[in-house]
Ligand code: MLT
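The chain below stands alone and is given in structure tokens; this is the form predicted alone.
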Amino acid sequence: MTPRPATEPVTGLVAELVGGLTDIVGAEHVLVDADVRATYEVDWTRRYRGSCAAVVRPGSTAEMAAVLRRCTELDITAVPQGGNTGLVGGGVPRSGAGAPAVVVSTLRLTSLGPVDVGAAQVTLGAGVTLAAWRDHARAAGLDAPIDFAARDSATIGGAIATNAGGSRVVRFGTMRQQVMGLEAVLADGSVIGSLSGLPKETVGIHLPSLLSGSEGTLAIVTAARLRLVPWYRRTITAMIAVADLDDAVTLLGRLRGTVGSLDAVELVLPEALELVAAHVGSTPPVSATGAGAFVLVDCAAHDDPSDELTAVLGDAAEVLDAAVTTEGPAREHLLIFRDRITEAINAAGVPFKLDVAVPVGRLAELLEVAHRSIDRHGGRLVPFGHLAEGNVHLNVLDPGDPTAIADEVLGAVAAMGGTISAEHGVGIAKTPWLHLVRTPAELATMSAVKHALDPTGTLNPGVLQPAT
């Protein structure tokens, strides 16, 4: 590849790029108008934004290969983007990056393969949403094992890229555990991977494991062979008020030990509950009097799991109040206080997000650290998360000094044996703190893998690669 001369007008390069991309995907799928590009250039939180020369929307793996080959030839960086529901700036162009960038959207990769009931697998395009994955599986009597609030917009490719989790991790694991095979394109246009989905494929490096969580820095996933799970049609949901986080952890232990139908164990802190209640204009389903935390439990089974859950709750001294419901409007009302937290936060302002996880026994300590830091530096904390995984989303509205808050909170998280990113990815938001949870040797290994698969640095520069 010949580097672009420093004196070459950027406009000339962009014109050459747009012409080449148009030849590959057609003019209607190369977006250059500033107003049209704008929605691709800012993330869902509105905190991270940049500018791109164009948005290109390949419709097949072959088109994706040609697009990336062209970007590499012209020394144009490519930023992969799915449903643009990311929260750490990893799917939008870098602000002030200098050289022009292209956003490579996967939203046209929406193929739905037939459900293989015997294998409990299905092949889907990277642009298929989580909701479409679920609905397609259920039409065949099975279900998708991954679910979270952005299900109607978040895509398969994005979920693989960030190793997303959501509410059902306690039962089925994160996205990495669901990928039985994938097809992806390297920066030079090479197509790698397999969609056979063989459970006992043991030859060499497992590419689904390598690319899951790589955030589009090694290759762009175009299709995936995904695991399906039984569709449990009998459900029961409970919101439980407890005195504090320690009681929440004690209740978690009871649930894990006795409730075989456990499908989700979520954590809602009072600040989040109050914000959602105000946002939707509705009263919470449980009393907040004396409560320091709220645990939201989903159980699902082929037979009614109600007795199994209510027996535990009836004997648990930690329970201050509980609302228990099965299907219908009552359950939908209860789930509002989980599914619409992020929406309520964004309606209140532009949040600074720290998605972290610690051993569950140290959750109370984590929240104390976060509150102290925000008291010092300014802001309003709205925390919620996934109790079973010790994963808390620390959302800070109007942060006075985001860097100082991140330094203190992420440093404490690492000292507790936790992780600085539990499901949203690292993006550009957390690259300065990678050294807290990865040794120099591990960071060097990550860089070596990046250089081996993307030697020109075409794919998603700045993500997962702290500046040296």
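Quick note: we count residues from 1 along the sequence shown, nothing fancier. Values in this document were obtained by computation on a predicted structure and should not be read as measured data.
Not on display, but discussed next: the form predicted together with this ligand.
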Should Glu63 be classed as touching this ligand in the predicted complex when contacts are defined as heavy atoms within 4.5 Å? no
Is Arg225 close enough to this ligand in the predicted complex to count, meaning some heavy atom within 4.5 Å? no
Using heavy atoms and a 4.5 Å limit, would one call Glu423 a contact residue for this ligand in the predicted complex? yes
Looking at the partner-bound form in the predicted complex, is Phe384 within 4.5 Å of this ligand by any heavy atom? yes
If we take heavy atoms and a 4.5 Å cut-off, which stretch out of 137 to 145, 288 to 296, 385 to 393, 237 to 245 is in contact with this ligand in the predicted complex? 385 to 393
Name the residue from Leu87, Val268, Ala187, Ala357 that puts a heavy atom within 4.5 Å of this ligand in the predicted complex. Leu87
Within 4.5 Å, heavy atoms only, which of Thr77, Ser373, Thr342, Ser212 is in contact with this ligand in the predicted complex? Thr342
Which of the residues spanning 335 to 372 lie within 4.5 Å of this ligand in the predicted complex, based on heavy atoms? Arg338, Thr342, Lys353
